[in-house]
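One chain follows as structure tokens, the form predicted alone.
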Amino acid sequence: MSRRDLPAWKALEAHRPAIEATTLRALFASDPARADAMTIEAAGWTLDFSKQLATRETLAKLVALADAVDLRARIDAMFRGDRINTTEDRAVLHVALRAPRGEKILVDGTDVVPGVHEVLDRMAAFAARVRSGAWLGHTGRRIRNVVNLGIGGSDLGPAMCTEALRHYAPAEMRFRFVSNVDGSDFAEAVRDLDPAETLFLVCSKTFTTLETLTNARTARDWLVAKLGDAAAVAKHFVAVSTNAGEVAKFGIDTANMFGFWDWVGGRYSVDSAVGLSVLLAIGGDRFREFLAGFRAMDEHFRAAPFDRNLPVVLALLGVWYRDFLGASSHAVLPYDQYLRRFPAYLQQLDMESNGKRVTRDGTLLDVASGPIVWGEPGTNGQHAFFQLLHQGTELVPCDFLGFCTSLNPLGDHHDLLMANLFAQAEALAFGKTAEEVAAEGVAAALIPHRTFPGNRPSSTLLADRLTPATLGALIALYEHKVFVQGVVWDVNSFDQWGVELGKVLATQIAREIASDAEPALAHDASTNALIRRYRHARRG
């Protein structure tokens, strides 16, 4: 059955005109308890969604939709280890990565939790050796630089988390991330690094990812050229992979290979061995706090009623805007400089998961699926794109993220930062009417330009401070939000076939570019011409 045919979907369509006919000003005026009623707390986070274009009736109808698509059963199936990634016939068990010792989660009859902790223990022991100076490079010097080589989930998550938790990292260590196959990325990352003090983490499950292995080979050549000995590779490279043969062939000791499982998707893997750079940055104890934050949100998600469930409420509101109010994008606005990479991380998590056009059984969707996700930290974004948010013609729901306590208290900086967060959410919601502008004595010709329509929705997420635990809980919150939306839209949130075609064509074109003879090109006329132009320019 199409989602549109569900009585719960039809009820939301019938409800939409009532919301379109009201304003946030009117909703707050008519319901003095609105802010309290539309605030939820869990896992160290407080969600205020009272500035959303929704009422308690809207939420009840959205929860009815969640029930109609059997969300509870789908949640249970994921936590149970069922093969809910149907196109790849895999379980989806990133929740097992933060399961405590002693919990039992079965995949094909095997408890996976002991294996998770065996890898975590090995990672922690390795990180302790590096951080203490017990692990030395080829020339006997300690490691001060860590360069992560990965792409997609093997880069975005670790890069975001390492930046987010930089406050907790040793000041004498530097962490760099190379993902782009553009040589400039690698060149700039190592420009000021001493190879004798540099450790490379090669993150590729199969150890065949084109971009990652291209960068890894370049890194190996750079290291060997600088240190003059191929044997140096064993002390300056480790692998996050499951392909022991290729890892050994590269020159990495497989004792320094950290694996993960096919039930861990790349964009859900930062709390697996893929997060080795994060563990090196913050240490084993804080990494366990990071995992505990994930776990706290997992437990809330699994147990809380849907109308008081942070991931479910955020997800259902997203469906409300995407499918009933016509919003095509969603802005995520962290008011914390440490979270500057968080919107980029969410772009992959959300758009690779739910940017789908067919249902789980392969039929074309007749509803809108995942939105475009974007954002920048406040207050920078205010001086860039907030003009569109306040006075543009697009409806852009926003998530504001902030912390009550700064990790770097300097004068009144943090008070000013948070004042801006609260002010922007208020201004978006309530705006300024033409009458209010006129009452300020503004010239009549300027009144339209200085009127703010308001009714621009947002949620505010607050935590006490940015810690490993609150970051872990925040990531899990959005992981589960994305999953819930995939259930509502009936898409498989855990495959990514859309990235394959371009990769296949790129491999073919790379061979054609590298060919000594003029190759016979069988692409479209535009692509053929571009390849020939590039080959001509490349050969001078």
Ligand code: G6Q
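For every residue, the number given is its place in the sequence shown, counted from 1. Note that the coordinates shown come from a computational prediction; the quantities given were computed from them, not determined experimentally.
Although it is not shown, the form predicted in complex with this ligand is what the next lines describe.
Contact between Glu352 and this ligand in the predicted bound form is found at the 4.5 Å heavy atom cutoff. This ligand is not drawn, but in the predicted bound form it has a heavy atom within 4.5 Å of Ile151. At the 4.5 Å threshold, heavy atoms of Gly402 stay clear of this ligand in the predicted bound form, well away from it. In the predicted bound form, this ligand sits within 4.5 Å of a heavy atom of Gly266. This chain appears without its partner; in the predicted bound form, the one residue of Ser369, Ser204, Ser458, Asn309 with a heavy atom within 4.5 Å of this ligand is Ser204. For the options Thr209, Thr470, Thr198, Gln424, the one in contact with this ligand in the predicted bound form, meaning a heavy atom within 4.5 Å, is Thr209. Residues within 4.5 angstroms of this ligand in the predicted bound form, judged by any non-hydrogen atom, belong to 266-274 and to none of the other stretches in 133-141, 266-274, 218-226, 441-449. Residue Gln348 is the only one in 313-350 with at least one heavy atom within 4.5 Å of this ligand in the predicted bound form.
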